[in-house]
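Heads up, the chain below is alone and in the form predicted on its own; it's given as structure tokens.
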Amino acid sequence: MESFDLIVVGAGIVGLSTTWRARKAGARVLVLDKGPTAYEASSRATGFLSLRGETPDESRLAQVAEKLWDTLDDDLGYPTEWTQKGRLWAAVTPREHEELKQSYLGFQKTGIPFELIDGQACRDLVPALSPETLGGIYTSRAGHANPQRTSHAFAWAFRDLGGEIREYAPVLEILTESGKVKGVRTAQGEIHAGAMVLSAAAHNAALLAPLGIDFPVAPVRLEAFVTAPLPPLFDQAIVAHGLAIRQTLRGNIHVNGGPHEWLDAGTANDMPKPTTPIVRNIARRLFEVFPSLRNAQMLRSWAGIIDVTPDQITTIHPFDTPAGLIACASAGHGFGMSPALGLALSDLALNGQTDLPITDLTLARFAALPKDWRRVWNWQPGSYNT
């Protein structure tokens, strides 16, 4: 019978960050994934670190991640293309402008120097923005990196330390004994460990349900595309008109967002990721933010799955029963938060505690959530969040 100190379920960027940290600490770690490494949300992220002004409960942990990003290339020994040139939330419609002004009240609670600026100040920062831009929120902090390079940098660094990643090895059941986690059952048999981290995004809910644990998360499919390389237009990470937009090191404009389609997830199934006509909606929104991109050539488009919690805030929960089990859902914020999430999850798995600020991110905040919350909010498969 195989045995490890820690099993991590899910070889996305959060799981890989966790395993790298745990392996550095000397633990024998196994990573299991139902598909290829970093194939789901991690390789399809925009690549942003946000300091979470929109969700102040996450902000302290995001600020830990910000410090870790600064040395991550050297720590991993592989490039991530991290650049820290600030972040801008821009409004191009009156409704968006009013929503930004209301959101700014939350931004002010973080202690981070966020500025509420007018449309001209937005265009001074990013001249390519539409003249229709009405205002925005700006910080010189935060940044972005290459999602695929970063995900695989964690995986390569983990393997360099002797860690093992098993692809196409879905976990079918979590095993427990005497109130403690015991391991997992796979198609190849049982694998045992005294600690386990679930970072399998929306699949966490299906894995925890047989244990009588309600893990509120909803999978959602979003579209993305990149243009052919263009001359430099902006360095900042930009959120505007429902889109997340960055320019890559090569000059591609990388964008995702727009309407999201809700899905359902089991323990091992591969959720559908077809590109749909919604990509046209993203293109239209992009042109309304950056009119000069109207004639840009689209290089490729794709779709990805992210896990969304009811309050759209990260969840990190160490369970008392079964002891040794920790679950994480990053609510679409996993890429930027991954250095800090991996450190926190590794601490919890190996030491039973962490000094990182996660107390506001546990499942306790959902104590009053109705069991049929997805139906009540119409977050059901086939419907859209526009």
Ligand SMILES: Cc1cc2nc3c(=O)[nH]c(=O)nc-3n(C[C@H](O)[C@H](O)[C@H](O)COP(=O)(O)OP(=O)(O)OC[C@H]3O[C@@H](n4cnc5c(N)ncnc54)[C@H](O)[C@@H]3O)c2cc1C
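Numbers for residues come from their place in the sequence shown, where the first is 1. For clarity, every value in this text was computed on a predicted model and none was experimentally measured.
Separately, the form predicted together with the ligand exists; it is not shown, and the next lines address it.
TODO: Select, from the options 25 to 33, 351 to 359, 54 to 62, 318 to 326, the stretch whose residues sit within 4.5 angstroms of the ligand in the predicted complex by heavy atom distance.
DONE: Careful reading of the contacts points to 25 to 33.
TODO: Classify Leu222 as contacting or not contacting the ligand in the predicted complex by the rule of any non-hydrogen atom within 4.5 angstroms, answering yes or no.
DONE: Because a heavy atom of Leu222 falls inside 4.5 Å of the ligand in the predicted complex, the answer is yes.
Open item on the list: Contact with the ligand in the predicted complex for Thr110, defined as at least one heavy atom pair within 4.5 Å: yes or no?
Closed with: Result no; Thr110 lies far from the ligand in the predicted complex.
Open item on the list: So, Gly258 and the ligand: in the predicted complex, are they within 4.5 Å at any heavy atom pair?
Closed with: Judged by the heavy-atom cut-off of 4.5 Å, Gly258 is well away from the ligand in the predicted complex.
Open item on the list: So in the predicted complex, is the ligand close enough to Ser346 to count as touching (4.5 Å, heavy atoms)?
Closed with: No, Ser346 stays farther than 4.5 Å from the ligand in the predicted complex.
Task: Within 4.5 Å of the ligand in the predicted complex, all of Gly12, Arg44 and Ile305 (non-hydrogen atom) - done: Spot residues vs the ligand: full contact, yes.
TODO: Only one of Ala142, Ala240, Ala200, Met196 comes within 4.5 Å of the ligand in the predicted complex by heavy atoms, so just point that one out.
DONE: For this set of options, the contacting one is Ala200.
Open item on the list: Within 4.5 Å, heavy atoms only, which of Val171, Ala153, Leu88, Leu72 is in contact with the ligand in the predicted complex?
Closed with: Looking at Val171, Ala153, Leu88, Leu72 one by one, just Val171 meets the 4.5 Å heavy-atom criterion.
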